[in-house]
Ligand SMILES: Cc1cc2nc3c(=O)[nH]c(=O)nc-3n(C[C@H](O)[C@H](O)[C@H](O)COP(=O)(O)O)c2cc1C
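We begin with a single chain expressed as structure tokens, specifically the form predicted on its own.
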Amino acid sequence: MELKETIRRRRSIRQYTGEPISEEALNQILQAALLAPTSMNRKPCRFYVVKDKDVLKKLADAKKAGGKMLADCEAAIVTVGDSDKADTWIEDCSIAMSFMMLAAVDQGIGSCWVQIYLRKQEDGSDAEDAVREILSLKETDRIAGILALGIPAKEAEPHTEADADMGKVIRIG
């Protein structure tokens, strides 16, 4: 698939068929993350692949809203940055998550970014703390987000060139 077409077809997919994701497709998605650039090549990111339904349900409840699809996805990738290793962990993890979303499209897998960083639980406590507890992570492990993955229940319309608002581009020189 051509990159331009992959970018157009990348949509947030929140409903899945329940069909399994092949290990080959999952590995292609993970390789994209592992090959993503990081500041000064410090590579502070780690990727926790979760398929256990009980853990997925706990992750779905780790924030107040916007993560419920995790309970029904086939796999999720929790993207963790080591803040001791790099102060650019959020940028590095975000690039890796973006690469994974594009790789998912290429593999015919639907994905949705579940924001964890700076989000709260129902009781007002920190969603990152909840995910750290679920996965037994240390305090310096920062959670950028969780990528929900599954075979799309329905095909989403791709973006069009008209969706690219060129009015947001300011050219200098």
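All residue numbers are counted from 1 along the displayed sequence. All of these numbers come straight from a predicted model, not from anything done at the bench.
Absent from the display: the form predicted in complex with the ligand. The rest refers to it.
Fill in: Non-hydrogen atom within 4.5 angstroms of the ligand in the model of the complex for each of 14, 63 and 112
Yes, each of 14, 63 and 112 comes within 4.5 Å of the ligand in the model of the complex.
Worksheet entry | Heavy atom contact within 4.5 Å of the ligand in the model of the complex, the stretch among 22-30, 35-43, 66-74, 128-136 | Looking at the other structure, the answer is 66-74.
Item to complete: May I ask you to check whether residue 159 falls inside a 4.5 Å heavy atom distance of the ligand in the model of the complex?
Response: Output for residue 159 is yes: heavy atoms within 4.5 Å of the ligand.
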